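Okay, so here's just one chain, in structure tokens, the form predicted alone.
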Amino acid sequence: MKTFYTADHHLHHSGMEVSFGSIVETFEKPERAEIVLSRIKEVGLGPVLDPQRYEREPIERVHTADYLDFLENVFAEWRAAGRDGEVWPYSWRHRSMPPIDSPPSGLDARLSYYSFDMAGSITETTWQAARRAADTALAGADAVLAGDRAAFSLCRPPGHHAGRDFFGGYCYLNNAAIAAQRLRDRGHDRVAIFDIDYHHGNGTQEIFYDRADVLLASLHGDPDFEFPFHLGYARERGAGPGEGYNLNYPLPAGTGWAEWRDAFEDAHARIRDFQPSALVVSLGVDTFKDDPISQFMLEGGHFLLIGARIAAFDVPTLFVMEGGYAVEALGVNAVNVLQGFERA
């Protein structure tokens, strides 16, 4: 299996985050990608390739042009306003406020408009890192389009919390969505996204919610208690033409393998019924029992079983790296999924 990876991910490092009332070192840090890469090389998974640089057009198939312009230029605006440090939002719109049709003009108002949390800041080179993560996803999609059975896009920063025009949850560009759209644009009529990250892929849901050509199935912590909250309920099934093509499996804290596997198998059957010609897996391994910001109880060996079951779809498959913050076990767990797939 080819792995696509770029050291440009180091261009993004938000040094801190606000977590449950404390300012802490961010959990989403550069060593995450390096640990996974090291394990890939250790087991000899396959060649590690540097992704080419793509134009902005395939990213604009998913994200709005105004949002992309904002991400590219906001750090310079921040500095021009006389501000030091990293770019952070100041406030967010409350549900009682009436909707607005276009981005506001002020810097802080636009930061509020284009974000939903303080999980990650924007640094001087965040845009460059996010663009290269999208390149990594696109390169993986192109490998699958060229005939590879599967590929792994070792993306960082991750992407599934980023929507058409907003960032949050460590995510700036939605790598999995960009890859899925690439597969659609280049010949696959029906693409499924299987999001097995512990946290709900709210951005991916928002992007494809009204579409019937891309099915999203997501297993995640119940939004009543788990980030990103407010979205990810089973009742959210899509809208308009997309009704029935958005499948959420919210699970309680403490969910172990048996319960998680049951939800996984139900989603597996629903994806099979959809008959996709290609599959994108949002590969989060923060379902691991020792993950510091998650509350599921999967163990390392379970990830081999997950990979094997994903292989049973027997369609071209792209794995896109999302979460996983138990850094000591991150490489083994992520690569276990890939090896389980390869051995099936």
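Throughout, we count residues from 1 along the sequence that is shown. In this text the structure is predicted, and so the values were computed from the model without any measurement.
We do not show the form predicted in complex with a small molecule, though everything after this point is about it.
Trainee: Select from the listed residues 75, 257, 274, 227 the one whose heavy atoms reach within 4.5 Å of the small molecule in the predicted bound form.
Mentor: Of 75, 257, 274, 227, the residue with a heavy atom within 4.5 Å of the small molecule in the predicted bound form is 227.
Trainee: Of these, 156, 220, 182, 160, which has a heavy atom no more than 4.5 Å from the small molecule in the predicted bound form?
Mentor: Contact with the small molecule in the predicted bound form is made by 160 alone.
Trainee: Please name which of the stretches 262 to 270, 164 to 172, 182 to 190, 78 to 86 has residues with heavy atoms lying within 4.5 Å of the small molecule in the predicted bound form.
Mentor: Selected range: 164 to 172.
Trainee: Residue 68 versus the small molecule, in the predicted bound form: is there a non-hydrogen atom within 4.5 Å?
Mentor: Contact check for residue 68: no, nothing within 4.5 Å of the small molecule in the predicted bound form.
Trainee: With a 4.5 Å heavy atom cut-off, would you call residue 119 a contact of the small molecule in the predicted bound form?
Mentor: Contact with the small molecule, yes.
Trainee: Would you check, heavy atoms only and a 4.5 Å threshold, whether residue 331 touches the small molecule in the predicted bound form?
Mentor: No, residue 331 stays farther than 4.5 Å from the small molecule in the predicted bound form.
Trainee: Would residue 293 count as a contact of the small molecule in the predicted bound form, using a 4.5 angstroms cut-off between non-hydrogen atoms?
Mentor: So residue 293 counts as contacting the small molecule.
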